[in-house]
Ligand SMILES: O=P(O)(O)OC[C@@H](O)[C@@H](O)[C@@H](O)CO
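The form predicted alone is given below as one chain in structure tokens.
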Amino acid sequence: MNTRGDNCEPHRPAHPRIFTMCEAGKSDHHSAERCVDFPVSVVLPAGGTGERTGLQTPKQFCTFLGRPLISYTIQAFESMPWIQSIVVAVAKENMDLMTDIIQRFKHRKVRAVPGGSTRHRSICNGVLALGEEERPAVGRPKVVIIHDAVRPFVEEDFLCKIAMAAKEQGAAGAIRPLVSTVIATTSEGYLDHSLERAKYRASEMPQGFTYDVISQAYQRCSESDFEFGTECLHLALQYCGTNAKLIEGPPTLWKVTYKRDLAAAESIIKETLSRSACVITGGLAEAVNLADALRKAVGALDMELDIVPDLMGDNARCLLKEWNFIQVSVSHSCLSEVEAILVALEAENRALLHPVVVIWVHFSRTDELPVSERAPTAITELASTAKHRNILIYGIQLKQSKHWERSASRVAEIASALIRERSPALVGQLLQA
């Protein structure tokens, strides 16, 4: 009888906010960092062959949007500053491939170790590697998070809950309601009995353990556990007497299991990229007013905006959270503000994961001269250079008028379309609103 939740979530989440803590404006990015004040490391077992996908390539190495699936999962954990290290356990024949992925996408907290012939053997190898950490600056963790390499949608606030509960209880795990009824069959293939669905839950990932609990559990478990077991929480209970705290997780915990799931993950990521942006105002009153008007207008377009004066200090968290930026410039046609965004994005390696959209909105007063003749050429040249770094730059010129709300709505429509479509044909153009 199997009650794990691999296949019991037919309805995929519409818009998980991947690689971030929560939806824009609904959570403080630093709250998890404040509450998790102890060392936490992650083990990602990735030694599977991907038989159920029907593909020759193991699903964790399948590529969409120019990036392997496992790299999305790694990036989700790397974006959380309180995660100190990540160990990926892969089959020996895939060690070179994993090393190449780490180097190519500049993963900073990750190292690969040889996995085992079964899931538990791979996890055990990862846990042992954490106890033998080669980097002096990274000591043995207090808590170990175990997560599937093929569950790319990780929410930071939920992971914080798992880490805190694991520290307090010794073990903690994610659960989800069962969608389908679970039945037991006889050896002849007939119905034996069914379970009352309301009393049971599907065991999911992530799961968290203190290092001592999970390492001792693997030291004490049997060969049969290594060969046939899948549930880490059961090992903690059976061999350490640690009863895990179970926490209901969000619907975004679903796992890429079948070929169709790869297409679903790609679709979710594409749509997620177009649902939010950060507006940078420079702190000028006119720019702030325009940003507020834009925020109201894009609400009708099912999009959210963060508004910040700059990307300095605490506002720099937007560089880790957003994939789209709108720079509002008032009373001048200088592109230095856009250039500053490009420098900040390059420092964070943000454009390695997905194309980043940067929209320059030049807001001119009625008494000003039109945008200089140099501006269209300058933005084209800047966009041409940035495009090689996977950053797409567009421009919108807006003149002050009596129909303020209509103008803001027009800018919102254009910006939303540019972010959604990411059209190469319009890169570097200065559009009129």
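In this text, all values refer to a predicted model and were calculated from it rather than measured experimentally. For every residue, the number given is its place in the sequence shown, counted from 1.
Keep in mind that the form predicted together with the named molecule is missing from the display, and what follows is about it.
Next on the checklist: Can you pick out, from Arg317, Lys245, Lys161, Arg119, the residue that has a heavy atom within 4.5 Å of the named molecule in the predicted bound form?
Outcome noted: None of the others qualify; the residue that does is Arg119.
Checklist entry - Out of Asp310, Asp306, Asp157, Glu231, which one falls within 4.5 Å of the named molecule in the predicted bound form, going by heavy atoms? => result In short, Glu231.
Checklist entry - Counting only non-hydrogen atoms and a 4.5 angstroms cut-off, does His107 reach the named molecule in the predicted bound form? => result No, His107 sits far enough from the named molecule in the predicted bound form that none of its heavy atoms falls within 4.5 Å.
Item to check | Distance check, Met205 to the named molecule in the predicted bound form, heavy atom within 4.5 Å | outcome: Yes, contact at 4.5 Å.
Checklist entry - Any of the heavy atoms of Asp148 lying within 4.5 Å of the named molecule in the predicted bound form? => result Yes, contact at 4.5 Å.
Checklist entry - So in the predicted bound form, does Arg295 come within 4.5 Å of the named molecule, heavy atom to heavy atom? => result Arg295 lies outside the contact set for the named molecule.
Checklist entry - Which among 278-286, 337-345, 197-205, 180-188 is in contact with the named molecule in the predicted bound form, heavy atoms within 4.5 angstroms? => result Stretch 197-205 is the one.
Checklist entry - Can you name the residues of 254-277 that have a non-hydrogen atom within 4.5 angstroms of the named molecule in the predicted bound form? => result Just Lys255.
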